[in-house]
Structure formats: C-alpha cells, structure tokens
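Just the one chain here, the form predicted on its own, laid out as structure tokens.
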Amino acid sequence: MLILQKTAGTFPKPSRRKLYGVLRSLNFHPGRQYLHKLVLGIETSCDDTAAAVVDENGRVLGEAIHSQTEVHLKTGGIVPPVAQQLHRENIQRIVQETLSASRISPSELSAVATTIKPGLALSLGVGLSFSLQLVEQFKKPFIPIHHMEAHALTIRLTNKVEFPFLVLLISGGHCLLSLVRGVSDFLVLGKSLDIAPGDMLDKVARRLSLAKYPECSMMSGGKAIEHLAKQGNRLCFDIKPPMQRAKNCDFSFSGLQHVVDKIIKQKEKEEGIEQGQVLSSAADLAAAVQHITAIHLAKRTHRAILFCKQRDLLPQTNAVLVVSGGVASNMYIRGALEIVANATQCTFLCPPPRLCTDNGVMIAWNGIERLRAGLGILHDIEGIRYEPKCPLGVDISNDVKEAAIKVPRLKMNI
C-alpha cells in the first residue's frame, strides 16, 4: 500500500475522469515526432507547485509554477496541511500550463520525473499521487527524484560542468557539502547539525519584525534580511562565527539564532519597546547576521576544497565549486564563497537565481540525467513511496574531521 493513501481520507486524490479531462483539453500535436528525450518534471516537496518539460539538450520547452509564499507569510511559516491543500488545488493547472506551453502531449514524453524525497510528507504525496496516475494512463517510465540531487545537478543544465565537482547546497531546509562524482554518486563532507541557514534567517527576520517594513512586507525572511542588510553596518555587533574550533565541514545555525535572540531582547529593553516593534538597529543586526552566516559557510567550504584536493578527489587546478539552493540567491553570501573559490583556484558557479529556488526545471533535468545514465528508471510503479527524510549519498564527514585541516584566514572584503 502506498504511503500517500494515508492522507487520502482528508484530501481525496484527483479523480481519473477529471485528470483525463484536463489532459484531453490540452492543445496536443500528435503528428510531430521527437527523436530525442523529453521529460516532464513535477516538484511539490515544500510550498511551490512547479512543473517543466526539458529536452536532452537542456532546452526548457515549457514551465509553470504556483508560489505559496504570500499565503505562508501571513501565518509566519509553512503549515503542512495548508501547503498540501494548495498543491492539490493547483497541480493539475500547473501541469496543464506546462504541457500547453511546451506543445508536448503526454504520449510524446520519454518519462515523468517527480520529487519523492526529501520534503514535507503531505506535499510530496500530492506530486507522487498525480504523477502515478499520469504514468499509468500513458504507460510512461517513472523517475523518482531526490530533491537535493536535482539542486546539485542543475548547474549541468546551464553550464558545461564535468564530474567531479564540489557542491554546497544551502536552502531553507538543507545545508550540506558534497563531492559530486556522478549522477547518483555523492560523497557528503559536511551538513548542518541542527537547522538550515535559510530557516535561521527566516526566524531572525520574523523576530526582528522585518515584514513591518513596507518594502519587505512581501519578501521571504531571507530576502528581507539581505535587503535590509544593505542599509546596515555589520560592525555594530560583534557576533562570533559558530564552531570556530571544530576542524570539520559541518555547520550549525541554531546557536547563532539563540545569540541573536538574546541581542534582540537586550536591545528591546534598552530602547523600551515590546516584542513585535521594530528596533532602530534592525538593519545593523541584519547585516551582522548575514555576514556571520556567510563567513561560517565560507570557512567550511574552504576546508572541504582543501580536503578534496589533499585526497585527490578534485583536480589541483580548475576544480569547480557549485553553490545552489534558495540561499544561493543571496548575493552577499555568494560573494564570500567566490572569495574562497578564487583563493583555492576553483571556478565558482551558481545556477541563475530562478533555478536556485525550487522549480520544475531542475526535476525534469535530473530526469534527463538519469535517462542518459540509465539509473532509477521505473517501469513498475507498484510500491513507490515518498520519503520525507532521506540522506544524500555516502557520508564521509568523519574522514574530514580526522584530517583536521587548518583553514588559512582570508580577507572577506565583500
């Protein structure tokens, strides 16, 4: 029995009749013949409903996305049942718009690729349920996608990047460093021991009530921090980077959040204001938090590069450092990581901002990569399950810790 059926009593699956009606309504062109691979990618791992059709040359033939950001900003965070309901209400329309824009019929697809891990269980279930009906109706192969693998491989759609390369994946839900040796061959050098950087930045933004700034009212917490930090002076606060003495590549952000909470309480007391009111030093604190986050990410990444070169896991020159995920769209953090790349003779690459956040293009492209490699292509969909928590690759973080590599200090003139 599929796990997705556990929630069927609360939110019933789309009926086959309704699904088929939607598909029949599309403007198909069955006379055309496609001799190359075409993959429909579907993404519902968190709070964005997205889909895209990509061909084997990396051309995006059609895409659509429905963002739930505005809804969740009002509740101060993502509420899983609300996210699930919004996915259910929009997934048919998003897939329809994607196929219509691409002028591709389901019968012309080589496969359907869908995120099944990791993510919010209720959200993953919506995408999986819809996709299984689609592949069953049109007798297409199904390619289950690991969300973080898709983020890591997106750079190969936009740039000619050969394996191996080092990737830093930073988002609201994830933070990890991995050596990418192949389409499904990952060595994890370090990961967050608690919360992700995007989660921490969002919580700090909420604690600072940044949504009360008119220009930040419709921004995510991380975007609001980045925007306000441009107006602040980070030197007004002396905050130490986390894990300074730990010679590994792991990350920690909960301690930083705790320190910032204490600073905010103290400042509220000094200014005689209540929680929820805006501090006069909010911009300065935003700048300080952003800077420390960037420094922490940069130092661990620096050690990862040195470790990989020491073990001949990366070439000594012209190695590639890729930074992807939602937090990778923060230009200040990018600047710190680019300094590390230059100091270690690495090529620094990031997908364009629109492909750093969750999207259907990265899922479809991961499907293309797996088709090419002949990996994880399923013709029997019985027993397919989603996995809310799932590691990526093989963890070698203990090897990094034992190497105890000292990282030289760099001037971070960002």
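In this text, residue numbers run from 1 along the sequence as written. This one's a predicted model, so the numbers in the text were calculated from it and none came from an experiment.
Only in words, not in the display: the form predicted in complex with a small molecule, which the text now covers.
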property: Candidate from Val60, Leu371, Ala64, Cys356 lying within 4.5 Å of the small molecule in the predicted complex - any heavy atom; result: Cys356
property: Partner-contacting position among Ser192, Ser220, Ser110, Gln257 - heavy atom within 4.5 Å of the small molecule in the predicted complex; result: Ser220
property: Within 4.5 Å of the small molecule in the predicted complex, all of His147, Asp202 and Gly325 (non-hydrogen atom); result: yes
property: Exercise: Gln84 in contact with the small molecule in the predicted complex, heavy atom 4.5 Å; result: no
property: 4.5 angstroms heavy atom contact with the small molecule in the predicted complex for Asp250; result: no
property: Any non-hydrogen atom of Ser171 within 4.5 angstroms of the small molecule in the predicted complex; result: yes
property: Close approach of Asn90 to the small molecule in the predicted complex, 4.5 Å, heavy atom; result: no
property: Partner-facing stretch of 101-109, 158-166, 267-275, 329-337, counted where any non-hydrogen atom is within 4.5 angstroms of the small molecule in the predicted complex; result: 329-337
